[in-house]
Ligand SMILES: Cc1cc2nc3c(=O)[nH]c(=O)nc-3n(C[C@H](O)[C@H](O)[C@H](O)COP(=O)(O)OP(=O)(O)OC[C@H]3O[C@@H](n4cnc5c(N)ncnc54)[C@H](O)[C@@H]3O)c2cc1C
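Read the single chain below, which is given as C-alpha cells and is the form predicted on its own.
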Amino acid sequence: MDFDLPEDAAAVREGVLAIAGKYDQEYWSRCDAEKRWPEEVWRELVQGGWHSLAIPEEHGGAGQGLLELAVALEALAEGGAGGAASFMYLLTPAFGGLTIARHGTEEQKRAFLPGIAAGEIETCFAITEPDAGSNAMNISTQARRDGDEFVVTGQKIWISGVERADHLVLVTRTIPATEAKPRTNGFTVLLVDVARAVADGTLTYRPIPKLGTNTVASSMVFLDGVRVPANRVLGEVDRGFAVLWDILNPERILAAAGGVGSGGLVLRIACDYAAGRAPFGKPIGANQGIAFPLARIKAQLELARLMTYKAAWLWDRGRPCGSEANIAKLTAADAAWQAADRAFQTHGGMAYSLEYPVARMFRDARIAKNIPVAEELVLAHIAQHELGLPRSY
C-alpha cells in the first residue's frame, strides 16, 4: 500500500486478513470441488462483525460504509479466498445490509438489520432475466397490487445464493416497460420471504451447471404468484429505479474490490513460483520475459485499487459515482484476468494440474469480465457519459 487508509478501513483490512490467513488454498479448492459455501470463514466474519460493517450501530453493525466493505472484500480475496470472496460480501452485506440501511423504512430496518448483523438473516438479489439480459429496462417480472400485498409473476436467471437466502431483494415492474414514461418509471423493489414462497410452491429454483465460482450456486428462479406484503417495498412503488442504482453501483464497486484482491493473490502465487522455479540454473523470475509482465500487472492492480476506493468514497458521501464504479469494475476485472493468465503462463505445464490453485483462479477470473456487467456496456457508458459520444444502443 502506497498510502494510508483511514484508520477504520485499515483496521478492517488487518482484521479480515487475519481470518483469511487461517485458510490455505487446499481449503478453498476443497470448497470449490465440493460446491459448498465456505461456512467456516463465513462464521468467523459474522462473529467478528466483519460482514456488518455498513449496518448502523443502532441496529448492531459497525456504522461504517461501502469503502470499508470494499476493503474487507479485497482483503479476503487477496488473503486467499480469491473469487469466492465477492459472493461473501455481495449477497448479504451489500444486497441486504447496505440496501436496507440506505433505503429501508424504520420498520424494515428494525425487522432485518439486527438479524443480518447477528448472522441470522441472509439475502440475495434478483434482477437479470432470460429475455432482458443486461438490459434492466426491459425486465418483465410483474408485481400486481392485490389489497395489502403484491402478487409477483416472472422468471429470473443467474441468481446467486437463493438456495441459502432467507430473503430475496427482487426487482419487478409495476408498470410494464412498454407503458412506462420515462422507461425508468415503474420499477418496484421488493423483499421476498424465500422460505415462505418456497413452502407455498410459488417460488422454485433450479441451479445452473457452470464453469466456476462453485462455492455458491447460481440458479434459474421461477415466480408464480409469489405474495409479498406491501410493507416489504424498498423505496417507493413505481420509483424503485433510484434504489436499483444504489444496488448496481455498489455491486460494481465491490466486484472491482474482489478483482483487485483476487488479482493480488494470483500475482503473489505467480511471483513465488517464478522466484523458486530454476530449471536452467537460475529462477525463471530473473528473466525479463517473466518479470516484466508481472510488474505491469502490479501497476494495473494498484491503479484499479485507487479507482475502486474513489468510487466507494463517492458513494458513501451520496455523490454521483456511476462512471467511477464502471471504470473501477472495468480495470479491476481486466487486471485480475491478466494476472490469472500470466500466472498460468508462468507455471507452464503445471498450471494445468488441479493440484495447483492456478487453474481454478484462471477459470474464475474470466467471468469477472462479463459480470456483474459486460465490459462492452461499461465502455459504452464511458464513451457516452465521459467522452460525449453518441449513445450506441
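Numbers for residues come from their place in the sequence shown, where the first is 1. Not measured: the values here are computed from a predicted model.
Only in words, not in the display: the form predicted together with the named molecule, which the text now covers.
Interface residue remark: residue 133 is counted as part of the site for the named molecule in the model of the complex, having a heavy atom within 4.5 Å. Remark: residue 127 counts among the residues lining the named molecule in the model of the complex, judged by a heavy atom distance of 4.5 Å or less. In the model of the complex, residue 323 stays away from the named molecule, with no heavy atom inside 4.5 Å.
When the named molecule is considered in the model of the complex, residue 159 lines it closely, a heavy atom lying within 4.5 Å.
The partner is absent here, but in the model of the complex a heavy atom of 374, alone among 10, 18, 374, 383, sits within 4.5 Å of the named molecule.
218 is the sole member of 153, 174, 218, 300 with a non-hydrogen atom lying within 4.5 angstroms of the named molecule in the model of the complex. Comparing 270 to 278, 159 to 167, 231 to 239, 108 to 116 against the named molecule in the model of the complex, the single stretch with non-hydrogen atoms within 4.5 angstroms of it is 159 to 167.
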